[in-house]
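There is one chain below, alone, in structure tokens, taken in the form predicted alone.
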Amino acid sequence: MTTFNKITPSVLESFSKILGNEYVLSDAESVLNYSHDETEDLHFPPEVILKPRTPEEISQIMLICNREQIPVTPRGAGTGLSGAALPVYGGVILSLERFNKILEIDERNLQATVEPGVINEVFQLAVREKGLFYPPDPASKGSCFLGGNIALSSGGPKAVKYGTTKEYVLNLEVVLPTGEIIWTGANVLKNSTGFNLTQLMVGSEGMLGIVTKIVFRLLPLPQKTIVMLVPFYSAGKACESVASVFKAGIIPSAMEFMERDAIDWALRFVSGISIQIDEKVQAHLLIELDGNDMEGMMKDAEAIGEIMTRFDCGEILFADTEEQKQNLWRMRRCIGEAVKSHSVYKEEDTVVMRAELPRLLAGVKEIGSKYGFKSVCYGHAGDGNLHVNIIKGEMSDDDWNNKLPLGIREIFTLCVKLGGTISGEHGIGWVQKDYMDIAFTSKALELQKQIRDVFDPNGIMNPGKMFK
């Protein structure tokens, strides 16, 4: 275990000389604000918050922290759900919020160069104005930073058709823990030159370096969408129907599963949405098709409707207007916040092959009965990614702290047994690291730790994350 040092007055003075006093914060309010992200109710106070603006400033900071053995936790918007941005050993929070520029949108090559503090949706809208498309769309797209999306290889509803963040990253400028500034690759679509450092950085949770520029590839913007809400009288049947759609040769741009409780809580949480739901309905699929050929899309929608009837579905709702489409998506995207506002909870980011989704859902409910917890499930059914929100409810503090981890371990063990793994898009961070042995052999874990040590020999970068 690395021994870290406290920040001395002389080190603090050095930070101020690099950044100016305005961007070196240690007041009580700032420390509180940066002590948490959106992961449960966890708080770990940093000693200081630094807000650099250039890669060179970050380089100078890292040289000092590496020399003085001071832990550094990179931070984006603080919307993460795995605790990856929590400064568990104090030290420095390195905020990327001033890196907020879209540097170039290259319409000729369908690429863009951006800084990591750009908000996902701001970037999406900027490229959309030029007829281009950046698909990754996490639920927090209105607030999360692209740098955080890189750190966790974030997904979202459109991952089922278009893939996650990693599919769109061509090249990265990175400041290493030892202070050097490198580019990881090249701005090309094909690259078999050396090890793929770019993809190694994507999903590394800020443990290998600090991303300061991102080169994304873009797609042409689909011009049309169809959105349909399909009710089911059995949650299991809803999950069973998913694989049949793909087997029929149809690839929706989104296919989202919502249990009855999830949609009920969301409708109570968000205003301005009115949907009548039969009391016997137990789950919904929210399905989107996109493209430019409306006639072909309508044929696919009709085929989906026919498939759904084989799985005990109710009357399918087609969104007739853009407002109806947006309301359905607003309902889906607010489920996490709705659950969080309802109770103390833990969210597990399970993922299996899509055809195994019914077995995963059934297993989660059986494990919940065994350990005495209630769960609200929803997520990206099209790619087998089920978010399991575990509600504390009437569980005692002792059971919540001691029995529940055993139940979570059983859920993750089931995921791996079904050919899946323990996180689809939220990452490992602080809260899931105790379960990494379920997904990896000891040798595979050892190799990952050795890679980390090559980049960060003194162990100062985002310590305490991913590995025990």
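Just count from 1 along the sequence shown to find any residue number. The structure displayed is predicted, hence computed values, not measured ones.
Form predicted in complex with a small molecule: not shown, discussed below.
> Picking from 217-225, 239-247, 276-284, 335-343, which part of the chain touches the small molecule in the predicted complex when contact means heavy atoms within 4.5 Å?
Replying inline: Result of the contact check: 335-343.
> How about F145: is it within 4.5 Å of the small molecule in the predicted complex, going by heavy atoms?
Replying inline: Judged by the heavy-atom cut-off of 4.5 Å, F145 is well away from the small molecule in the predicted complex.
> Using 4.5 Å between non-hydrogen atoms, is E347 touching the small molecule in the predicted complex?
Replying inline: Judged by the heavy-atom cut-off of 4.5 Å, E347 is in contact with the small molecule in the predicted complex.
> Even though the small molecule is not shown here, does F123 get within 4.5 Å of it in the predicted complex, heavy atoms only?
Replying inline: Heavy-atom contact with the small molecule at 4.5 Å: absent for F123.
> Does W265 reach the small molecule in the predicted complex if we count a contact as any heavy atom within 4.5 Å?
Replying inline: Heavy-atom contact with the small molecule at 4.5 Å: absent for W265.
> Among Y134, F232, Y378, F99, which has at least one heavy atom within 4.5 Å of the small molecule in the predicted complex?
Replying inline: If I apply the 4.5 Å criterion carefully, the residue I get is Y378.
> Of I307, A139, I119, V364, which residue is found within 4.5 angstroms of the small molecule in the predicted complex when only non-hydrogen atoms are counted?
Replying inline: The residue from I307, A139, I119, V364 that makes the contact is A139.
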